[in-house]
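One chain comes next, on its own, written as structure tokens: the form predicted on its own.
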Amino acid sequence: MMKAAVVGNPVDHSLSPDIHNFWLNEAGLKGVYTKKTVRDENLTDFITSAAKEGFSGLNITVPHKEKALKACDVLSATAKELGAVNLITFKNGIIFGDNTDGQGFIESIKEKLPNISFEKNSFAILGAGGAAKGIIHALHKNSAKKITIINRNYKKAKDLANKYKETAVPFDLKDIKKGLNGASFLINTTTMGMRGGPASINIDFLSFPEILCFTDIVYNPKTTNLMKSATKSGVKVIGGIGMLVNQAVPAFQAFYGEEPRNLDKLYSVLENKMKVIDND
């Protein structure tokens, strides 16, 4: 039986098993997808053990995306450039690492805004970790007009911005007002507001009238405090479910060798699941 899993800490919130097991059922495949809580110090051993135990592969989530890269034998060009992986596959004794976060994000935006012009928009990013790297890389590839990176650790923001000098500018979180100035999109790539994660910072969206859209990669809960604040201010909001689903598409293909089916039905299933979770 083909098996795969999502690995993180914490990982109880993950909807990845719901997505992959839905697609397995729709395709009539004999396979299983689970979630594994793995501590940082045990990550490399877990990955190598999974390869030996017959796993097709693993999805890697916070906080392991950067460390997991070191356990891979071969990396895709994207993973190598980003220094982070979210997709690991095992084949012929080789551990292969890839990163589908960025493209998953781009596809989720296009689903909601099919006519978006990345070239005409400026994007402000909260965070400078593994997810931020993937999203910034994809925005750069799609010719984003400008990218500002806002992070508590200014050095991390600066190091990341230096990779995209012609496009990206770093800001310390204490200078967030300057970082948001002129941005038409604000993207939260951190775990702020995630169920069990750190509390969100407060942002007065009315003070930044140029922000037209707020995107949160957090999907559990379905509506974060930042999303609520943006909505109250009349800003369009895009949640994290779309990115989760779209980055899962190539993973499912890699794990089980089939195209995912019935995405519209999947979104409906996930919406109902999130209603139950939010009412717990």
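When you see a residue number, it is the position in the sequence shown, counting from 1. Model, not experiment: these values are computed from the prediction.
Omitted from view is the form predicted together with a small molecule, to which the following refers.
At least one heavy atom of P198 is located within 4.5 Å of the small molecule in the model of the complex. Among heavy atoms of S184, none comes within 4.5 Å of the small molecule in the model of the complex. A residue is said to contact a partner when one of its heavy atoms sits within 4.5 Å of a partner heavy atom; G129 meets this definition for the small molecule in the model of the complex. When the small molecule is considered in the model of the complex, R152 lines it closely, a heavy atom lying within 4.5 Å.
Considering the small molecule in the model of the complex, the lone stretch of 129 to 137, 202 to 210, 92 to 100, 72 to 80 in range is 129 to 137 [heavy atom distance within 4.5 Å].
For the options I176, M192, I116, V169, the residue carrying a heavy atom within 4.5 angstroms of the small molecule in the model of the complex is M192.
Of the listed positions (K141, K112, K163, K156), a single one reaches within 4.5 angstroms of the small molecule by any non-hydrogen atom in the model of the complex, namely K156.
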